[in-house]
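Before any questions on binding or motion, here is one chain by itself as structure tokens, the form predicted on its own.
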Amino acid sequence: MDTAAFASPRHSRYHPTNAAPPTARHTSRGNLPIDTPPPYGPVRPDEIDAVARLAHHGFGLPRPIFDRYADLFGVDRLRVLRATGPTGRCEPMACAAHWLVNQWFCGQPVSTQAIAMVAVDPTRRGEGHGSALMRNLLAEGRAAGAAQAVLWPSTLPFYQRLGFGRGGVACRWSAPPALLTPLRGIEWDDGAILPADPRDATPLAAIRRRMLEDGNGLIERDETLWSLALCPDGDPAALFLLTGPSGAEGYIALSPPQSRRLQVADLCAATPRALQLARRLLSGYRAQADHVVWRGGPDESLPLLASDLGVELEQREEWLLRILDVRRALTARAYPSDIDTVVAFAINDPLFPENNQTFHLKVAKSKGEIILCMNDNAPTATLGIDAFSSLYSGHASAKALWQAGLLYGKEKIIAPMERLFCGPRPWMVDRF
């Protein structure tokens, strides 16, 4: 999968050291002790070179870039699966990285395991090392308190077999700068565009919080993800605050124009005034760029304000979601405030037996709770964990899943499911 970074900051809430450290087993071969590490576990210092080679073969990640991220983020988030190699030694055959983040759904954060840099030795592919690594990794995330896991895939069938479903999208948009010129009569004279320090994301987090609460699927950034957003190539982007009379209402970070394309590294416009200020700034690059490029969701506001045809959706990518703990996931998120109902989910999860049961969800006043239900008339939806993950995020509707044969049940189940998981289409732009 795509990997811009492979670890979280050292102050992350998830610490592998909370668990008992694996104990090495020493045997004897002649007079030399042989250290036999467990098949799965944290990477050891003497295995860093091997993991760097796996990342290079898997993603073409150059060693200097690997070392930069290892130095910046630490290697305590790396996990490896070991097996006997050609030399007879136990060596890493697959690697990945993970950490905990919050992903927001219907105005509430859900504890999520972020996964990156899943790679397998190219000479040992097809032997089950990747699946074994992921099963251990997901079990570790669930044990650490994650209700779900999220990743950017390089292939779909492999992750579908592990229970991942399509969770949401990221879109890359482009438009000529001239199309973004604010229209006459709607400019905000009481607004200002002020330079800011891209190395200090503290004031930006409060601005972005409103976007998290209003949308579905967005990641609550930690220090790592802020660094990647504002310094995508290692060098700080040009950051500007979009301000009104009461302070900052948005921000925009720009990378220098290259090949006549101006890349928006990050954008958050929480108010109409902030959006118009962003348009004013971007349209001023008409002499330096033929196109402004930005990443966002499927329901972007900027294309709606273009003065003419010419806005393009250049790319649409899907990220994957995997519910790890159905009970925890259903009670962590919020639901529409006008719903008072009980529905039942019969889940099929081949990886976690705890999820293989029927969950009766009672929703009232935006909150969900799992209850014991004696009412046999409660509508029941039967679906696999991958389809349930897509339903949970809102990326696939209950009706679409039902029509595709991925959700089983009487047709009357469709209406309550549609109401439960309605809301903005899920999207996410943070890459890891």
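What you see is a predicted model, and the numbers here were worked out from it, not measured in a lab. All residue numbers are counted from 1 along the displayed sequence.
Heads up, the form predicted in complex with a small molecule isn't pictured, but that's what we're talking about next.
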| query | finding |
| --- | --- |
| Contact flag, P198 vs the small molecule in the predicted bound form, heavy atom cut 4.5 Å | no |
| Exercise: W173 in contact with the small molecule in the predicted bound form, heavy atom 4.5 Å | no |
| Y40 within 4.5 Å of the small molecule in the predicted bound form, heavy atoms | no |
| Partner contact for R161 in the predicted bound form: the small molecule, 4.5 angstroms, heavy atom | yes |
| Stretch from 337-345, 150-158, 219-227, 103-111 whose residues place a heavy atom within 4.5 Å of the small molecule in the predicted bound form | 150-158 |
| Single option in R125, R260, R89, R316 placed near the small molecule in the predicted bound form, where near means a heavy atom within 4.5 Å | R125 |
| V120, L78, L239, A329 - the one with a heavy atom within 4.5 Å of the small molecule in the predicted bound form | V120 |
